[in-house]
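Read the single chain below, which is given as structure tokens and is the form predicted on its own.
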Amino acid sequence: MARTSRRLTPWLFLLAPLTLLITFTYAPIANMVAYSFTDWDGVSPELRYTGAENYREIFTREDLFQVFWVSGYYLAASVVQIVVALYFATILSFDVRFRNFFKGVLFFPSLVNGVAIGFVFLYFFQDGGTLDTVLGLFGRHTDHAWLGTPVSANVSLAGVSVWRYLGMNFVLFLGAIQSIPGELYEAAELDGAGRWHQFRHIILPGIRPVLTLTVVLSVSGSLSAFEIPYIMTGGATGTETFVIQTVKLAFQFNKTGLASAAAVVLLLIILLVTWVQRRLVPDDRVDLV
């Protein structure tokens, strides 16, 4: 009896989280996959099975798949974001003045609500807004519509995403760097290694698992960008992302079946990219000692 009780105890602790996970994650995903094979409008109680028609429409209509080009701006921004976050994490991992202050400054944007950030930068980039005012102080008077053209708007939105998510990557890198034993730095200094050699031969190998995780999260986030462009432009001027398009299909055009198929395609693309990345850069255990 006691042995049976010990075997059941872990499952009793897992019962609540597993129930929540199945109810609010896997069950909705299963429903989404089922809806993707129908022409459901999101309102009618009747569903009509259409087979793979929704998937055929997604892959044959250029306007539905062209929005993935917008993700290129966010992919480029994620590269900048990772490089800058790793740079500041490396600098602030050493004993520098005011490092706690700079840590707070870098992490602060991650604490702000995404909707609030969208509205703040909407006024920042508007004609005659904060950016134009600041440029005017330096003698650069411009009437450029920062959100008025596809290239300018997407670059601006990607820049906002960098500012918002930089702090999260910074914290991940900083935690990984600080977990490296200090004896390695001392030994490197005794051998005459400078900061660059310490970064190349100690820090980079030591944070490889976290760097891999950050790349995966950045790529998936770039493909599923939604909050910032939706708040600031609503997908106008060539800034519509795949997720914004999916939301419009479901709630504006009442094509929930087609939107579900688009969501499934996005999920599969993210899983495929993650799998390829893990195959190219396996998460091997690094032993620095």
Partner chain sequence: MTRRAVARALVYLSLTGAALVVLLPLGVVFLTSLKTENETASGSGALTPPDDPLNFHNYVTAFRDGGMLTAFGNTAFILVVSVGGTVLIGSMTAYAIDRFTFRFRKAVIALFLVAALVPGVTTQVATFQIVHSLGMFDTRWAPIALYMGTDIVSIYIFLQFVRSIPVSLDEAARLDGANAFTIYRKIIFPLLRPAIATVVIVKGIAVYNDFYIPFLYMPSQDLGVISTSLFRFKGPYAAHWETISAGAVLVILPTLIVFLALQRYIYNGFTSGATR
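Residue numbers count along the first chain shown, from 1. Keep in mind that this is a model prediction, so the values were computed, not measured. Take the two forms, find the largest set of C-alpha atoms that superpose within 1.5 Å, and that set is the rigid core.
As for the form predicted together with its partner chain, it is not shown, yet the points below apply to it.
Contact with its partner chain in the model of the complex, judged as any non-hydrogen atom within 4.5 angstroms, is confined among 68-76, 118-126, 144-152, 200-208 to 118-126. For a residue to qualify, one of its non-hydrogen atoms must sit within 4.5 Å of its partner chain in the model of the complex; none of 236, 276 and 280 qualifies. Checking 215, 80, 187, 171 for any heavy atom within 4.5 Å of its partner chain in the model of the complex turns up a single hit: 171. By the criterion of a heavy atom within 4.5 Å, residue 51 is excluded from the residues contacting its partner chain in the model of the complex. Among heavy atoms of residue 227, some come within 4.5 Å of its partner chain in the model of the complex. With a 4.5 Å cutoff on heavy atoms, residue 58 does not count as touching its partner chain in the model of the complex; it lies far away. Within this chain, residue 253 is remote from the site of its partner chain in the model of the complex, having no heavy atom within 4.5 Å. Contacts between stretch 252-279 and its partner chain, counted in the model of the complex as any heavy atom lying within 4.5 Å, involve 256, 259, 260, 263, 266, 267, 270, 271, 274, 278, listed in sequence order. Annotation for residue 35: C-alpha shift of 2 angstroms or more between this form and the one not shown, rigid core superposed.
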